[in-house]
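Next up: a single chain in structure tokens, the form predicted alone.
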Amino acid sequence: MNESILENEKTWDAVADQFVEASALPVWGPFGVGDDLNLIPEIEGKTFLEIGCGSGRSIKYLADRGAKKIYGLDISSVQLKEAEGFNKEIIDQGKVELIKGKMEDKLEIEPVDVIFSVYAIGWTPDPVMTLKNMYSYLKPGGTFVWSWDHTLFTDVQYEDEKFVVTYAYHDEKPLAIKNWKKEGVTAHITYRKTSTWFQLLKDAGFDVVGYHEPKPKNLSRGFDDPKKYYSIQKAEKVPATFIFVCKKNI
């Protein structure tokens, strides 16, 4: 097994308490982005798989709007425990099934109408296998919607009272970020170019039918300090999030 996945699993268990109220549907990322885009127009009677379901807030959102069945996948047992408690009633009703596992491993589930992910797909060290799995889980005509940190946003930092590009956009090497969110934990992430994601999706068989780089909507969710990663000042200049809308057309 990929060592970075094992360490990320431990990391997410350690920092899970910081993400209980993280971005969840109808929002697709920090600063309240995407809730006006209607990216999942049909919910009632549909089946869903969430990749990186975290604390289960998006699951509750879909269930409240008539979703027929929702699978939630997450790597963190701590996150899933929170999601289980938050969604106990609808889990008991059989509307929700939580799965501890890795997006790179194949799931044995019934085909679904929609797969979605808010800031989880980009964590994979193996996007080829991950996207192959996503494609296989969808019914013909199914939809795959996912969001992630915009790569340009990660390349820009505040230095000497101005925003500058401090990392090469073309550099797609894996990063090991020490003390990520908490002392003593490491996050392993590879930031890929937008063009790389387009090609990976195409190679997996998806048709990309929508691509969004939304402006920030709710600046109160960010930091009023330009030195912070999710600073209001940076979000006003550089898109923090991209969102792909994809279709399986066979």
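Just count from 1 along the sequence shown to find any residue number. Here the structure is a predicted model, which is why all the values come from computation and not from measurement.
Form predicted together with a small molecule: not shown, discussed below.
Although the partner is absent here, F242 is not a contact residue: none of its heavy atoms lies within 4.5 angstroms of the small molecule in the model of the complex. Contact between G101 and the small molecule in the model of the complex is found at the 4.5 Å heavy atom cutoff.
Using a 4.5 Å cutoff between non-hydrogen atoms, W123 counts as a contact of the small molecule in the model of the complex.
Proximity of Y229 to the small molecule in the model of the complex falls outside the 4.5 Å heavy atom cutoff. A heavy atom within 4.5 Å of the small molecule in the model of the complex is found for one listed residue only; from S76, T151, T143, N87, this is S76. Remark: of stretches 115 to 123, 155 to 163, 89 to 97, 170 to 178, the one touching the small molecule in the model of the complex is 115 to 123 (heavy atom within 4.5 Å).
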